[in-house]
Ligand code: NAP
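A single chain, nothing else alongside it, follows as C-alpha cells in the form predicted on its own.
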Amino acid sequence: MRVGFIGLGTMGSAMAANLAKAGFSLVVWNRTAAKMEPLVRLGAKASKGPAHVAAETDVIITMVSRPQDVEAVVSGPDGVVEGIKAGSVLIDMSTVSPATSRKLAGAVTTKQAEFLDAPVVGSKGPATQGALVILVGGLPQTVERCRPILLAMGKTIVHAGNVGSGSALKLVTNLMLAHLMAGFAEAVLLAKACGLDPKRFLEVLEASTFPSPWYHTKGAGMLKGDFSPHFALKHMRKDLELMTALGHDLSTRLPITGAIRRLFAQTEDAGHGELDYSAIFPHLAGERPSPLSR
C-alpha cells in the first residue's frame, strides 16, 4: 500500500520516518516545507498539498495539532477530500473530539472512502522508537487492512469500537495523565516545603503498589529542571478543553478536570505553552522554567 502522511511535527515526523524505514512507499506534506526534507532523504516523495497526497496514495494519515487544523486539511480547499479515491482509507491520528472524528468520516464517505480515528498514547520518545499505543475507532475490517501500517508506528493497537471511539478513549487517557501530572507536581512541591528530598518521594513511589516508568522518566526530568518539550503544555491544555466540552455534551460532571484545566490555562497564559506539560510544576512553585533543557 502507498501511504501518505500529512503533518510532520514532533510526533508526525518520527511516525512518518518509521513508515519509511519499514519500507512503505511514502508521500508526505507539511505546511512548513523544510520539515519534509528529512523524510525525502529517507526515500519519501514531497507532495504539493493534501489533495495531491490523497490522489497518489491508498492510505492517508493526518497528524496535526488542533481540530480546526485537521478539518481544514481534510475538508478545506485542496484538502484530502478533493483528491481521495474510492476504496482509500483516511486515518486521522490527531487528538480531536469524537464529534470531529465522525465529521471527518462523513466527509470521506461521500467519496466512497473509509475512515479510522487512531490517536496515540506516547510522546516523542515512543514515537521515535515505534513504541506508541494506538487507539482505533472504525470498522474491524478497515483496522485489519491497516494493521501493518499501524504496527510500523506502534507496539500496541487497541480497537476501541466504532468511529469516534478511538478519539474518546484518547481523551479519557489524557484526562488521567493530566491528573497524574497535577497530583505529582503538588506532591513534590509539598515534599520540598516539608524539607524532604523529593528523590526520597520517588523511591517510595517506585517501591509502592503503583510503580510506573512515568515517575522515573518524567519525575527525574522535573527534579532536574528539564522542561524541554516531549508533549507540549499547549497541546495538553487543548486536550483538557476537549475533555471539558465532551463532559458537558454528555452531562458528565468533571469538577477536578475543570480545576486542572484552569491550572494548565494559567501556565500557558504565563508564556510556557511551548514547554513540556510538566512545566506546571515550576509554575505552581512561582518559578519561571527555562525554555531549554538544562
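Everything numeric here is computed off the predicted structure, so don't read it as measured data. We number the residues from 1 along the sequence you see.
In what follows, reference is made to the form predicted in complex with this ligand, a form of this protein that is not presented.
The stretch in contact with this ligand in the predicted bound form, judged by heavy atoms within 4.5 Å, is 67-75, chosen from 67-75, 99-107, 190-198, 153-161. Using a 4.5 angstroms limit between non-hydrogen atoms, Pro282 is distant from this ligand in the predicted bound form.
Proximity of Ser47 to this ligand in the predicted bound form falls outside the 4.5 Å heavy atom cutoff. Residue contact check for Ala168: none of its heavy atoms lie within 4.5 Å of this ligand in the predicted bound form. Interface membership of Pro289, defined by any non-hydrogen atom within 4.5 Å of this ligand in the predicted bound form, is ruled out. Distance criterion of 4.5 Å from any heavy atom to this ligand in the predicted bound form singles out Val120 from the list Ala178, Leu90, Val120, Met222. In the predicted bound form, the residues of 1-23 lying within 4.5 Å of this ligand by at least one heavy atom are, in order, Gly7, Leu8, Gly9, Thr10, Met11, Gly12.
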